[in-house]
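The chain that follows stands alone, in the form predicted alone, written as structure tokens.
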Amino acid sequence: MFGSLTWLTRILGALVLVVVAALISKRQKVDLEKDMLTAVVRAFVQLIAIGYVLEFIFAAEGPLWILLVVAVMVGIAGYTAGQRGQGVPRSLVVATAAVSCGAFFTVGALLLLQVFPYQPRYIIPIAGMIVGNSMVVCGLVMARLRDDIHLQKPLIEAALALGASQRQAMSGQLKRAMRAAMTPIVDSTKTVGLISLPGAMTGMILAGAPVLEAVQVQIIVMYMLIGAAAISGLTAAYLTYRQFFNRAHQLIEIKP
């Protein structure tokens, strides 16, 4: 499929592009070359490791392995999104809960509707895409709300003083946070097939699958990612803003 070159030769060929990018960064004094090197090494090690793990799980075909892998994904994603939302009280709990809602609701719906069978080679890759997108959306929502509450504290307190509920006082911030977090995935869905061929479709085509079959799978993937992102984002927004109010419905001190 890829000619006579070995997989290692092909990887080294692609690595040349990273080296060029690192050299440009060094010459322009952007100071990203170390981050690029770290990212490249981590990606290589992590992907090779997960490759062996997935081979074992696919061979075992145990239903409990699916739950274990998805739970690990959700835990790591919750931690990562929680780090982006530092400054939000109980950020790790909020992020993990939001990612879990989006991931398990979406995967559960796909299984109930029989879109995919409950088998490791289907559910684990699908769950990975869902959890990854949910993680990004949650992190963006939490960070945006944290910053907006810090910058607009007098405005929120004024609304509360006039008798507005917590939700009413935060309505503008909640809308902006959700819009900012959802815009990238909505825009990518609008332009899919016109500007880029997404990963799932490209991977199937490279693997030799019929093009129309790859297109059908990609349509399902894009729809489920929007649904999961919306559920996770809304959950993150709802849980995040509530962390900034005490039992007396007063806005607590905000960490910049």
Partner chain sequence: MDPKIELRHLNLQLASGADILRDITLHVPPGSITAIIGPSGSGKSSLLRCINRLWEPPPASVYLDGSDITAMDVLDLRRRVGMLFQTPALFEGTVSDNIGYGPGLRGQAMRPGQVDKLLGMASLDDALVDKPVDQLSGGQAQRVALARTLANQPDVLLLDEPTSALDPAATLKIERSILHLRDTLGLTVLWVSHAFEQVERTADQIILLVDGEVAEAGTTQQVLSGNHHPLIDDFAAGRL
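Residue numbers count along the first chain shown, from 1. Small disclaimer: the values here were computed from a predicted structure and weren't measured.
Although not depicted, the form predicted in complex with the partner chain is the subject of the following passage.
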In the predicted complex, the residue from 114, 119, 165, 86 that sits within 4.5 Å of the partner chain by heavy atoms
165
Can you work out which of 155, 76, 136, 185 has a heavy atom no more than 4.5 Å from the partner chain in the predicted complex?
155
Does any heavy atom of residue 174 come within 4.5 Å of a heavy atom of the partner chain in the predicted complex?
no
Contact test in the predicted complex: residue 71 vs the partner chain, heavy atoms, 4.5 Å
no
Is residue 161 part of the interface with the partner chain in the predicted complex - any heavy atom within 4.5 Å?
yes
Whether residue 6 contacts the partner chain in the predicted complex should be assessed with a 4.5 Å heavy atom distance threshold; does it?
no
Partner contact check in the predicted complex: of 229-237, 7-15, 21-29, 244-252, the stretch with a heavy atom within 4.5 Å of the partner chain is 244-252
